[in-house]
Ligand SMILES: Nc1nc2c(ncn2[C@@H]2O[C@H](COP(=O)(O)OP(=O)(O)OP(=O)(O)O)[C@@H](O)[C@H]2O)c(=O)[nH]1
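Here you get one chain, nothing else, as structure tokens; it is the form predicted alone.
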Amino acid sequence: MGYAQLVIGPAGSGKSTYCSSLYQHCETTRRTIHIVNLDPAAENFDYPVAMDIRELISLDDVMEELGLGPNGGLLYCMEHLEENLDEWLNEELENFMEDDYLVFDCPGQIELFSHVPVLKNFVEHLQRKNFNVCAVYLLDSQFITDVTKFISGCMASLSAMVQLELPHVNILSKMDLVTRKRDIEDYLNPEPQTLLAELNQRMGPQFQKLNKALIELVDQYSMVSFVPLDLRKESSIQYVLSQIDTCIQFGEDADVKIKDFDEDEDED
């Protein structure tokens, strides 16, 4: 059985930086992971690329040959990947062991994990190959500055949850860049009545029923929660990794090591 993280999130949320830091952390702890680039527009990497979609198709080539813009070209590239799962992806996966741990660094175009089925079909293909997969959704902590943006981030994450149907870990990235951490902490364990009051203050009275429904969705069903990630702290990276490992049951099938004790028999 293989294991995989699908690293998703809006553009600029720190996905590639997360992958790089995760690789360095695992290298330090003598744990092996493989980072896979699924972004056909990527150029520079701070980690060794174990598999690269650009060997199949690149955004620059698509834009030049088909005359598409960046967004249309990226969707074309990902649809081309979907059409080649049985050939290109299967061939690439043969280079890995059955119990290898892969981290897929995905593009930041939100359509890919909110309503376009490309990544969902990609995940289902991995699952048929006996991979346990977890979605890792990154959201820039500097984006969470008020209640409206917090609710917006929650709904975007929830959209990805519903679309991908995977175990899901939501991460507030770039915590090392936040100057007022107390403002962020209010949204890690939010009080629903406080959120509702703030939301009603910022929006017109005609939205009060909608505001109440949104807050109840976030609170009562515990659908969305965020784990803060400070890349300066190894303990923070390890905590996030442990949350993901639990989701994909990594290490649960490992053999338990039992030390044998030889009892000395006293001779009379």
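Counting begins at 1, following the sequence as shown. These figures come from a predicted structure and were not determined experimentally.
The form predicted in complex with the named molecule exists for this protein as well; it is not shown, and the discussion that follows is about that form.
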The named molecule contact at Pro167 in the predicted complex, heavy atom, 4.5 Å: no
Heavy atom of Asp176 within 4.5 Å of the named molecule in the predicted complex: yes
Any non-hydrogen atom of Leu231 within 4.5 angstroms of the named molecule in the predicted complex: yes
Proximity of Gly251 to the named molecule in the predicted complex, heavy atoms at 4.5 Å: no
Contact stretch among 168-176, 83-91, 150-158, 114-122 - heavy atom within 4.5 Å of the named molecule in the predicted complex: 168-176
Those residues of 1-27 which, in the predicted complex, come within 4.5 Å of the named molecule by heavy atom: Pro10, Ala11, Gly12, Ser13, Gly14, Lys15, Ser16, Thr17
